[in-house]
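Both blocks below hold the same protein chain, though in two forms, and each is given as structure tokens: structure 1 and structure 2.
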Structure 1
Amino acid sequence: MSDTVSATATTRDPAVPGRPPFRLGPAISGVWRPRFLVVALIGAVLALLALAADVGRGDYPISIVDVLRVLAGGGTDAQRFIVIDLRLPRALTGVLVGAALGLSGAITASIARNALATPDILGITQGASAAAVAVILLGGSGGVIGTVGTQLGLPLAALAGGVATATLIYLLAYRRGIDGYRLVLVGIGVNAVLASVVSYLLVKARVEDAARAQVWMTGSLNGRGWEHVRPVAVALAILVPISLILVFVLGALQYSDDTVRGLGIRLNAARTGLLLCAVALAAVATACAGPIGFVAFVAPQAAIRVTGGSRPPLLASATFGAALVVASDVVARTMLGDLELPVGIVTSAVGAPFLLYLLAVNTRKVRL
């Protein structure tokens, strides 16, 4: 009798040392990883504190405690007006854009099994930038691109450019399926071509238009309002639950293609669905705040080192991306006194040395 009970318990709850199993319905099962949740919560707390510091910065300084009190429903009428109506949209845009970029980078790096396979490297954000720059520079010329772009608006044009670029990369990389290394190489090539197109447009444009486009291409949160918050909030509300459901497939994609097919997973359909989520997140984020560099690379790589997992954790990558963008915005607004820098300059200053560090570490491992 005891042997029967023991066998039944083993069948229902497959034992994983130190990780209690769970099941949600007939299709979703896994094991609890409390460290992943704790790291994600720490990232969320850091993002909240950075948001409070960013909101409190300005001609009428407000302490972090008072900002948090206003966000909780308290504070004076003047504080609520300054925080909610004037400053919160900019900081909230940074939180949402950072979360979208961090989540997008985690998905693309996991699919390609390559840390460098982020939307920045693959050319997705460059495609969004090329479309936006074309709208800015050709919007008043009466050309076809300018006319279509003017009708769509800058954010929608950037979104369309990102999606179109991702589709082109997918078609060029597809050879009876998607290989991670081929996807990265094709993406780097497309990225280079689009960068050349952007440079050509800047050279041919008027100085005033080129300067305006250059500011947008740096990635900035200046002047962001509730109209910028809503699109990326809606995108995250739709795509985050889908990504969290597909994370079970994403875990299987870390193995070889034959192993994945042996597990009964439709490999190409799974990769296509995950890539669509990542592309939509990156394109919407770029459309709202411009191409903020290195966030999609730094946040997942920082999260994977803190959690100690084999691939970037999605929730932790999203919260780390949010904290990175808003904290960088605080630095960009304070490091030169009254002169504010675009947030993309600070994130690039953080991300470039981090990239060189990872390359040096990986090179040392290969030599050993």
Structure 2
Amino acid sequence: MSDTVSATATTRDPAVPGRPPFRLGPAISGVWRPRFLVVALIGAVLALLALAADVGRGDYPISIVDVLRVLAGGGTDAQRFIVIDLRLPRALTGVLVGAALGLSGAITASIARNALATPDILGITQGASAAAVAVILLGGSGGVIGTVGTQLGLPLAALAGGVATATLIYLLAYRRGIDGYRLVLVGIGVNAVLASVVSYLLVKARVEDAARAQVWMTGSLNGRGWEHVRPVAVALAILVPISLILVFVLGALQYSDDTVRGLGIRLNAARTGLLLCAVALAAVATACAGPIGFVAFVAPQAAIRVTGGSRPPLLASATFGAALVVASDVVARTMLGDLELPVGIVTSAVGAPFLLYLLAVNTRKVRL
């Protein structure tokens, strides 16, 4: 880091007039942008309300006010049991998974300088699913993948699949540097191969296993308990702080590679670290709830439109993702009466038209 340049910029001649600068150690410096925090908070409030609504729904309806009261520590014993032991873990899984996907999408889109380069469009979540489906379907019946996978468990298998796919896509898209669109198109190609691998596994499986895998593959929060909350919570607890520290180089990454190097930033190290964070977040979320479509794309895009600015804000993307997933879960559970749809169907129904709209309005605007 070149301290002199940024120090003079921030102390004597503020780079952004009217915005108080701050500095933490050698790597972290910036200006306060209250709007970013406010928007992130609004997202968090929305996520909380959606969570309360999601928890309230069910055979034994509880009003949002009562749910909030239970969450605050009050409520009757019966309400406490239903909320805390039965319904909260599911909704909380949704919050965490949504936050992880939103954050992951914001990071990958910023790195690729392309709004479309999100883990699900690139096929990283598809890679995680392929590995997870292989474990689900081959777990009992043996085979190398099945045996190794059962030993590792679903989350680690998905993580391995996600990282392997991301590496493959990066290498295939590399041609004297990474071009955002080439990355996306290579991702689509890799996606197709992985999808057909999954189809093949489905054909080979017994129909019961296939049905189980199919539910999981659509992205579902059904039957998620505290044991599902924990891994995502741990992953977020580790990866969010790392991402938030590394994000201070993201501001520079939107310039051309040469400019970034000129600013004294170790481009490849920063990029690799951030990419690993993003892939890990997406893979853990996928392992937990299946590939919930388009959240990683929609949440950052919505956040960037609300906050303004030139790249997706990380915190707001995370809270928006959480709100989107849980709100979609509410819709998925209420839309068809008694029948519960997987949440991924609702998020895809929201996200895909949004993507088509963006493409139709102006192809250039989709660039970051």
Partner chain sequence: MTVTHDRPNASASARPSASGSSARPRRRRPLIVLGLTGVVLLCIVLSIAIGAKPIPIGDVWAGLVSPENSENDVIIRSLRVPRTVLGLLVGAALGIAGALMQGHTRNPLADPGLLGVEAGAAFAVVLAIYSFGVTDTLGFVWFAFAGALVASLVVFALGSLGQGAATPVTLALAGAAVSALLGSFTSALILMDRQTLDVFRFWQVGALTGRPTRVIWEVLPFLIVGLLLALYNAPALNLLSLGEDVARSLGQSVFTTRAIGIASITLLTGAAVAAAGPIGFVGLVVPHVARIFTGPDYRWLLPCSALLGGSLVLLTDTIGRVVVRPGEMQVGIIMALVGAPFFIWLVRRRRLAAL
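Structure 1's sequence is the ruler for residue numbers, which start at 1. On a predicted model such as this, the values are computed, not experimentally measured, just so you know. For clarity, a rigid core is taken as the largest C-alpha set superposing within 1.5 Å between two forms.
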Exercise. Where's the form predicted together with its partner chain, in 1 or in 2?
Worked result: 2
Exercise. Under a superposition restricted to the rigid core, does R206 display a Cα displacement of 2 angstroms or more between the two structures?
Worked result: yes
For this session: Compare the position of the CA of T167 between the two structures after a rigid core fit and state whether the shift reaches 2 Å.
Result: yes
